[in-house]
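First, one chain by itself: the form predicted on its own, in structure tokens.
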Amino acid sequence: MSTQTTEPPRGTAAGPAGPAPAARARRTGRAKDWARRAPLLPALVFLVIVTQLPFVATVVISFTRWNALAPDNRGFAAFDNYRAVFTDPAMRSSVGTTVLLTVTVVLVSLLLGLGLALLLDRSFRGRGIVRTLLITPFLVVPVASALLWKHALYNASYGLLNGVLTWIWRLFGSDSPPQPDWMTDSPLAAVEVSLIWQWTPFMMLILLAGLQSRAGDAIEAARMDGASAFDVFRYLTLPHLRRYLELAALLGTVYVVQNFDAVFTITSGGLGTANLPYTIYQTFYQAHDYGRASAQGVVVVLCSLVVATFALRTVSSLLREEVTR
């Protein structure tokens, strides 16, 4: 009786043909993944070097006692700098100023941006030119914008605002028009108005994009059913713009909180206008306390990250809504 031996099929794990097809497929998939990601590695390394390493260095310095005016008194300070940050009256005052400045600028810019977006959503002759002119303030360099408001508009001697007051008073036969010093009488309002002028176009662009993504058939159906323009805005447009309003408010908050140019240029931080970035500037460049300034910077970055996280979530939700349409 002959005995026959059965050979395992070729290509299996027990056969001499090599590894299993599943293992080869996994290796091929990993190789393709690395081939796609490899061109991005230099950019990722550059991004880490430029953004993360300086932040790590700032965190390390924030735990040191380092004042250029006392070079011999340098060493590890543990959490002393952070305790000084949260107990410093100037820091608490700058926090209140930053909150008031940010809330005022963001809310007013949102309202004005919404009004302008509703106007630009209509069809009229010259809409492209009007849109370009309305976007222009956002394209101006922040320092140039602050200088424009400080000298061309606010100046008590030759500024445009006082010139307009003089012209109006002379129309009514008066030779003694009021000439207020805007930067001295209302310093925080002067900074806020310049920032509102600069950030309203940003809000307008985001909200205009939201308006142009509305479903036209729903609006037409509502109008055919007798809905007024206010009803369409209240029940259709405003709910649709909720995500865009949130995104504009969050992004505006992130940027306005970090604003330094307007405060430094218009008021130099005086008369109760010193916000967090200007306070950090004073601590670093005037007091030369590098450890405390680094601690202040870390606190501001962490607070900004909280707002930025909500902004990223809002952007992700908007993208998911666009994909599901």
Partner chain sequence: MSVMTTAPRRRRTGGALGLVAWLCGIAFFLPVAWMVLTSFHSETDAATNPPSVGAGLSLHGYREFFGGGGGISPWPPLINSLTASVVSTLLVLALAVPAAYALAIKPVRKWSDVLFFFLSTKMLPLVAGLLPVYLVAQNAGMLDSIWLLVLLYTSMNLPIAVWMMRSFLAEVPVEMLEAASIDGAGLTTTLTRIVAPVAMPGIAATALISFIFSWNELLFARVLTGIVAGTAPVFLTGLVTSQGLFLAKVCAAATVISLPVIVAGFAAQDKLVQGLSLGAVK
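Basically, rigid core = biggest C-alpha set you can superpose within 1.5 Å across the two forms. Numbering follows the first chain given and starts at 1. Since this is a predicted model, take the numbers as computed values, not measurements.
Keep in mind that the form predicted in complex with the partner chain is missing from the display, and what follows is about it.
Note that among 75-83, 123-131, 230-238, 89-97, the stretch whose heavy atoms approach the partner chain to within 4.5 Å in the predicted complex is 123-131. Not displayed here, the partner chain is kept clear of W169 by more than 4.5 Å at the level of heavy atoms in the predicted complex. Taking the partner from the other structure, the partner chain in the predicted complex has a heavy atom within 4.5 Å of a heavy atom of L148.
Contact annotation for W182: none of its heavy atoms lies within 4.5 Å of the partner chain in the predicted complex. The partner chain in the predicted complex comes within 4.5 Å of no heavy atom belonging to L111. Residue-level contacts in the predicted complex: of V103, L160, A222, A189, one residue has a heavy atom within 4.5 Å of the partner chain, and it is L160. Contact annotation for 247-269: residues with any non-hydrogen atom within 4.5 angstroms of the partner chain in the predicted complex are L247, L250, L251, V254, Y255, Q258, F260, D261, F264, listed in sequence order.
Positional change of T64 between this form and the one not shown reaches 2 Å or more at the C-alpha, relative to the superposed core. After superposition on the rigid core, the Cα of G297 moves by 2 Å or more between this form and the one not shown.
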